[in-house]
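One chain comes next, on its own, written out as structure tokens in the form predicted alone.
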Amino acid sequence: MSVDVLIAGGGNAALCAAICAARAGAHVRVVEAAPKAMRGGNTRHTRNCRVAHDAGNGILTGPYPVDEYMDDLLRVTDGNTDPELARLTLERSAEIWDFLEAQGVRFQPSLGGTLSLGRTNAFFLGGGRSMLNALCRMAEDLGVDLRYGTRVTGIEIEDGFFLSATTEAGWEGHAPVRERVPARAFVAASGGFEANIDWLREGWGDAAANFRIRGTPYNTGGVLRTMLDAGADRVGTVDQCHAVAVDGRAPQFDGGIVTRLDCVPFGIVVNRDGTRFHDEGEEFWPKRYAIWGRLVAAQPDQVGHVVIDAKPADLFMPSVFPPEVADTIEGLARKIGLDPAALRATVDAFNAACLPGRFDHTIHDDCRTEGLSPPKTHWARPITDPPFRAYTLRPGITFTYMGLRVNRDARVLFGGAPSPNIFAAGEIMAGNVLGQGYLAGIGMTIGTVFGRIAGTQAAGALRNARDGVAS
């Protein structure tokens, strides 16, 4: 079968692009570097997607207008976003629910606890893998040629015009098979470079060696590097990423969303020296959880420890790893390798600074500290009730933001000019919307919106493609 549209990547963005291109009549091939058992990039680990809507629908509990969505995005990015592409993304997010449902994806009410996302985020029934399976089934039904264990090793581009790619099937084995694949359009949807530790070192130095990569080990940035070397315009900086605090016992790669720890708002977080370094209660967790990876990364040895007592033990999502537990603060300190006297002093100072208040983790309550630096603005209660618990934290990177600059048609820019037939979607271009910071669920939003745009535009490019595609 000839190839009209070649798509690199196998996650949500790639599959949305494939489905839209196939529905428009294109012959589509998707090459996924991972084997089938690990297909889907970071989509495998996702749970939800943030969508704008004017009213609740029985699962989403209330309206989430585009303007409120934009306010939230501007707050977490501190305005570091392309305003045109950001508004486009949020406006078209209102179409995501119906689009995904039409592909067989089903939704469920949000999870509870500290997430508080029932109004804003659509949760996938069965999680990201179920969503991924539905998209793969639909793509296959539409005749998309899905090839696993196949990576792109080279791209032939002439003056911003895609000619062909070189793919390598079975590249993890002893006898990889190379193929030159001409196509009339190309969609880069192969994620960021977060699994490439050497590339991360360019932004983080040797600290990168202590990072955990929450997602797929296959996002090493090969396509991104090739595209940049071919003259594609870059967006973002090498040190910007979606990074959260994960359990320090998480594996180096592919630990997934279950390694995230959501107990930070209920306790204190100290570094290697037993010292607090940030306000644990400054904002609701979904709007602040994504800063903690960078905060821990800035600490000595890139390690932190969250300490709680018995009171909030049932208020957050249970961790996949059990906490260290002790009946005294000093005993807990010894278990996690801290100076007992230093941790005791930090806890005593925190306890003494807590003002009386009415604790309510669902609102910005009045439980706060006074005269303490850094303060704890909300949900501050003395750590007094044994048994005491601690989790060790490491920076956990989900995906990087430096990527390909695109326009509103998802066309990759070369020297500021849009390519006639090269498109990008998903994490490889997310830096156009996310210059910094993160808003829970928006990664899937960007992938779905720009995946649909890229696939539709790629199919449309067939009609405009110049004659004589190289073969």
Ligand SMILES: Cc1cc2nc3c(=O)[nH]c(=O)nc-3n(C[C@H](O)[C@H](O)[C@H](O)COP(=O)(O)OP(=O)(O)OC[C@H]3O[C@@H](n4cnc5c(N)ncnc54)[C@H](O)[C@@H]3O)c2cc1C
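Numbers for residues come from their place in the sequence shown, where the first is 1. Source: prediction; values computed, not measured.
Omitted from view is the form predicted in complex with this ligand, to which the following refers.
Contact with this ligand in the predicted complex, defined as any heavy atom within 4.5 Å, is confined among 144-152, 89-97, 321-329, 358-366 to 144-152. Of the residues Val28, Val406, Met444, Ile422, just one reaches this ligand in the predicted complex with a heavy atom at 4.5 Å or closer; this is Met444.
Residue contact check for Tyr218: one or more of its heavy atoms lie within 4.5 Å of this ligand in the predicted complex. At least one heavy atom of Ala34 is located within 4.5 Å of this ligand in the predicted complex. Mapping the unseen interface onto this chain, His45 counts among the residues with a heavy atom inside 4.5 Å of this ligand in the predicted complex. Under a 4.5 angstroms non-hydrogen atom cutoff, this ligand in the predicted complex has Phe399 among its neighbouring residues. Using a 4.5 angstroms heavy atom cutoff to this ligand in the predicted complex, all of Ser190, Val223 and Ile257 count as contacting. Along 407-427, a non-hydrogen atom within 4.5 Å of this ligand in the predicted complex is carried by Ala425, Gly426, Glu427, in order along the sequence.
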